[in-house]
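Shown next as structure tokens: one chain only, the form predicted alone.
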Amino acid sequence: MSTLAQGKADLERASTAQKVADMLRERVLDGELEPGLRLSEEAIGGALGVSRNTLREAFRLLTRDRILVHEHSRGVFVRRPNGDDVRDLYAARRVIEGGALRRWNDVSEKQREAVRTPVRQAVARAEKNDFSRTGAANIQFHRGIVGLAGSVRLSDESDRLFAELMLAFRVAHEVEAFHQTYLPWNRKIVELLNDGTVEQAVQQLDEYFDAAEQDLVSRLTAD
């Protein structure tokens, strides 16, 4: 039992580190932390009021998730994904989101609304020529799709994928313009789901992923 007691501080630090990592990941999704940005231990640790050891553990977790990269003698940076990363990300998303979407008829209305609402909000803004935060709305739409699976583990894993993908969008420089292009696809997927044609919605999602992957890879290659 004495060894367990000795590990209490490590456990508390690990728990805090995970919370810090989650917070930083959200900043990546929000676009506050840009690809290539060097992260200052002093600035972030001071702002969050956490120890250097806790912050380094959070950095380690995000490095494992491919959000950050440690460069010897230079420090920790927000990662810049490349074309191969994008292809791998979409391969994972096809399996996760396609499978989750097929559960549409078996889930609660609350879960369905988590898919519909982001699209409805984005469409309403688009009708007013307001395309701000289109990327954030798109992420919420896909979070809603993953939520149809009813698995906390899948949702957590997908959040890591979304953060990495958002970095790729920002490397391509046109986050809102990119997502603006695919808003009609999201709308069509919801329409098919509401009509009860789930397999057609899954097919539309696959076509969406094919087009988005090719588009993003080409932008990264051009960059």
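Each form is matched to the other, and the largest set of C-alpha atoms that superpose within 1.5 Å is called the rigid core. Residue positions are given as counts along the sequence shown, with the first one as 1. All values reported here derive from a predicted model rather than from experimental measurement.
Absent from the display: the form predicted in complex with a further copy of the same chain. The rest refers to it.
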Listed residue that, although a further copy of the same chain is not shown, lies within 4.5 Å of it in the predicted complex (heavy atoms), from 143, 103, 116, 125: 103
Contact of residue 187 with a further copy of the same chain in the predicted complex (heavy atom, 4.5 Å): no
In the predicted complex, residue 38 touching a further copy of the same chain (heavy atom, 4.5 Å): no
4.5 Å heavy atom contact, residue 60 to a further copy of the same chain in the predicted complex: yes
In the predicted complex, residue 15 touching a further copy of the same chain (heavy atom, 4.5 Å): yes
Among 42-50, 188-196, 64-72, 28-36, the region lying within 4.5 Å of a further copy of the same chain in the predicted complex by heavy atom distance: 64-72
Partner contacts for 75-93, taking a further copy of the same chain in the predicted complex and a 4.5 Å heavy atom cut-off: 79, 85, 88, 89, 91, 92
Threshold 2 Å Cα movement between the shown form and the other one at residue 113, rigid core reference: no
Residue 53 C-alpha shift between the shown form and the other one of 2 Å or more, rigid core reference: yes
